[in-house]
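Next up is one chain by itself, shown in structure tokens, the form predicted on its own.
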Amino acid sequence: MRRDYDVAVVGGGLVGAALAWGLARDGQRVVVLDEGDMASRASRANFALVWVQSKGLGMAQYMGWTVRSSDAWRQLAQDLRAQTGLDVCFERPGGFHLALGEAELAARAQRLKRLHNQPGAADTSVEVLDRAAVERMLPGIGPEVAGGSFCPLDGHVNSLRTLHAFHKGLHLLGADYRPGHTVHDVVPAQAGFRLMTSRGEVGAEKIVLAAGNANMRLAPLVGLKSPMQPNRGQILVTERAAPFLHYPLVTIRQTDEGTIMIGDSREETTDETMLDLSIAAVEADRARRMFPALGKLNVVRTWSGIRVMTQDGFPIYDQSERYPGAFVVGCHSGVTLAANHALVLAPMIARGRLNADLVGAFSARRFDVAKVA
């Protein structure tokens, strides 16, 4: 069989682009097979947080994996800028989760206690602050804010520019990007794979399925699985304002361009062509109660997006034992984990084997254990 490439990455969003960039930097001949600009892409509907606090309840390994990526993000941002000239505006000042009222604050403290009491939990240096401590760092909070949690490892980035930087970097590294190449079938061959796309056939020695929720359909073609449970989120964006919010919150952040992003809804529907204004109203109201000054700003745009979400919320990293050279990568936190995907996971894939000691906990085999239990 003709093998056109060392690796074919299926999916050109943040997860696929980060992996492809890392593989190309490792000397692999890479092709990215993507639906193109009209794709329903979670990478264009995310909140752009590089977030650590709250990650990992039910899987302590995820805490450590998230901390590792947060620590590596500054290096990733520097590498992208040195190669492409693009500043992705990464900042890690720390981040807040605010509580409206004492009941919310108590619930927040209890959740963090459960999170960090898990065996093997990583140290995230998160702390619960009272109102006075929060107000010193976040002047202008509303009277209902009782306090909140603060994690110094949290940050944010310009995610659209990050996606642009990865794709520009891929081009500079000589990788091929093929939009309009929706993958319909994958045929394992004697020494590689044939990928049947809407614009023809592509051959590769290895493949990486990084197609978000579409992994659910593609993974079984190479003896893998990717149980997904997507949901919808809505985001509001205000007009530009003078800089005032110097720390990102889990539901509110001021971008490098001055706009305020608001939102963190979780809806069971997967229809992204509509908005639920009643949910948007709740998001806006909570933001205004946290920062009353937001009530003076106009909302200039809003949208909904479908999250890439596994059934338990944790990443899936797997390799096929039946068809060596086939890998599946799926996760919700494509922004947070981009540094790990580009700098840690991609070199493993380039070598043809995942490091079980590092990412073995994220195999989809864990879902089989859950069924037996």
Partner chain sequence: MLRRLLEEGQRVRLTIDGKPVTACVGDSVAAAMLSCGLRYCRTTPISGEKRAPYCMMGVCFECLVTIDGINNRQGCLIEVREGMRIDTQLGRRTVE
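Positions refer to the first chain, counted from 1. Fair warning: this is a prediction, and the values are worked out from it, not measured in the lab.
Although it is not shown, the form predicted together with the partner chain is what the next lines describe.
- Residue contact check for residue 258: one or more of its heavy atoms lie within 4.5 Å of the partner chain in the predicted bound form.
- Residue contact check for residue 240: one or more of its heavy atoms lie within 4.5 Å of the partner chain in the predicted bound form.
- Within this chain, residue 117 is remote from the site of the partner chain in the predicted bound form, having no heavy atom within 4.5 Å.
- With a 4.5 Å cutoff on heavy atoms, residue 198 does not count as touching the partner chain in the predicted bound form; it lies far away.
- 293 is the sole member of 293, 173, 137, 72 with a non-hydrogen atom lying within 4.5 angstroms of the partner chain in the predicted bound form.
- Just one of 297, 224, 126, 145 comes within 4.5 Å of the partner chain in the predicted bound form, counting any heavy atom, and that one is 297.
- Heavy atoms within 4.5 Å of the partner chain in the predicted bound form are found in exactly one of 126-134, 209-217, 73-81, 243-251, that being 243-251.
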